[in-house]
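Starting off, we have a lone chain in the form predicted alone, written out as C-alpha cells.
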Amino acid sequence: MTKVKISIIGAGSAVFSMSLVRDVCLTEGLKDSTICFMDINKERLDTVYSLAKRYAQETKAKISFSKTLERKEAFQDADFVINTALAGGHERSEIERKVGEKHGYVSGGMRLSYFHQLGLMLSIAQDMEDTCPDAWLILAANPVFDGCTLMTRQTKIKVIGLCHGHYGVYDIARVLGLDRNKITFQAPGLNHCIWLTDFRYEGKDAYPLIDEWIETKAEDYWKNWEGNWGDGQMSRAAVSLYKMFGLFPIGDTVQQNPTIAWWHYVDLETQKRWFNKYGGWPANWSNYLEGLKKHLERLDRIYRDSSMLVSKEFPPKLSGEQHIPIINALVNDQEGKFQVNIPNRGCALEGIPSDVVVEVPGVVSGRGVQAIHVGALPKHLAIHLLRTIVTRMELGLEAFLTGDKSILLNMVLSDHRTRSYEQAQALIEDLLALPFNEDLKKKFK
C-alpha cells in the first residue's frame, strides 16, 4: 500500500471526477492517498470537492482531499496528474460547429478550439516539468492522439493517454449473444481509430461468428433496431469498413472518425442509412450535451441537499475506467494489462513512425508501461491511416507550433466537404473573427 497524491485538472467535470473518486475509495492499495481537485470554475470546484468528501465518509474510505484554483499548486508533490480539462468548454466548440455548418460543413468542419486544447495540454506538461518532473501525466481529455504525441515530443514528462473506446468489443459480444467474460481480444491502432486484430471466444477464433451474423442476421438487426441513438458498433457503417479493410472497427472508430470514411457523413439521410434511424452519434451531439447537462444538474441537487447519498448516485463498485487501476499497478507493482496510448517506440504497431502515439495493449507494473508488440495492420489499412489520420495530426501540430496560417488553409482544403478555395478561406476567417479566438487571430497571421 502506497500513499500518493493524485491531482485532477479540470476537476469541475464532476461526473468524470466522481468516477475517479469512487475508484480511489474502493482501491485498498491507494488507502490514505490524497486527491487534489483543480479547476478555474470555483462553483464547480466546490461542488466536486464537497461531493468527494461526502462519498469518502459514506464508504468509510481514508482518502484526503484538497482543492485549488491554481494549477501549479495542484502540481506540488503530485505523483500523478490526470488531465480532464476542455479549454473553453463545450460552449465554444458548439459555436464553432455552427459557423462551420453555415459554410456548408456537415457537423462543423475545422474547429480552432483544437488549438486552444493543444495549448492547454502542452502548458500543463511544461508546468509539470518545472514542478513535478517525475510525476505521470494521464491524459483523459481529447484529442488524446494529437495531445499525447505533442507532449511526448515537446517535453520529458511520462505521458499515458486513455480512452474507453475499446470496450466496444463488448457490444459485439452482446449482439452476438456471447458471454463477455469468455472473450479475449486485441484492438490496436490510433486513438478513436482502432481495429479488432484478434477476437476469441472460449479460446477459439470468433471472427467466423461475426461473419455468420452479417450473413444471416444483420439485415433483420438493422431493420428492427431499437437501440440508443449513439449505438453504432454493429451498424452498416461498421460492416462496410470491415469489408473494405478486413478488420472490424471498434468503438469510436465507427462513428467519430469522418476523416477515414467521409462517405458515411455526406448529409443526415446518409448518416441515417449507415448508422441508425437517428443518424448515429455525429448527428446527435446535442443529445449528449443535454444528457451531460441533466447529470450535472442532478449532482448539483445532491450537493445542495446533504440528506441525499452521493453513494446512491455512484454505487460503491469500480467504474470500469482504467485510470485508477493503472495508478495502482504502477505504485504497488500490481501487474495488469491495459489499453494505453503511448509513443510507438520499439514499433509495437509496425508501419507507424516511432514518435507517433499509438493505442495498443500494454503491461503496467512497478517497472512502468511496456507496450505489447501487436505486429502490423493490413497494408491497405495502414496506408489509409497514414494518409488520413497521421498526416492530419502532423499538419495540426505543425500549424500549432509554427503559427503558419497557410497550413490551416491546407487542412480545410483537404476536407472532403470543401467545394472551393473561397469557401475554405471564408470558414477560417469567420472562425478567427470569433471573440474567444482573438489570440489565435494574432498567432495565425
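As the structure is a prediction and not an experimental result, all values here were calculated from the model. Residue numbers here begin at 1 and follow the sequence given.
A second form of this protein, the form predicted in complex with a further copy of the same chain, is not displayed here; the remarks below concern that form.
> If we take heavy atoms and a 4.5 Å cut-off, which stretch out of 192-200, 81-89, 241-249, 334-342 is in contact with a further copy of the same chain in the predicted complex?
Replying inline: Of the options, only 241-249 has residues within 4.5 Å of the partner.
>> Each of 97, 111 and 272 within 4.5 Å of a further copy of the same chain in the predicted complex, by any heavy atom, yes or no?
In response: Negative, none of the three is within 4.5 Å.
request  = Name the residue from 410, 59, 50, 68 that puts a heavy atom within 4.5 Å of a further copy of the same chain in the predicted complex.
outcome  = By the 4.5 Å criterion, the partner-contacting residue is 410.
ask   = Taking the shortest heavy atom distance, is residue 384 within 4.5 Å of a further copy of the same chain in the predicted complex?
value = Yes, residue 384 is a contact residue.
Q) Can you check whether residue 263 is within 4.5 Å of a further copy of the same chain in the predicted complex, heavy atom basis? A) Yes, contact at 4.5 Å.
In the predicted complex, residue 41 touching a further copy of the same chain (heavy atom, 4.5 Å):
No, no contact at 4.5 Å.
Legend entry - Heavy atom of residue 422 within 4.5 Å of a further copy of the same chain in the predicted complex: Taking the distances in the predicted complex, the answer for residue 422 is yes, it comes within 4.5 Å of a further copy of the same chain.
| field | Partner contacts for 57-85, taking a further copy of the same chain in the predicted complex and a 4.5 Å heavy atom cut-off | value | Sequence-ordered list is empty.
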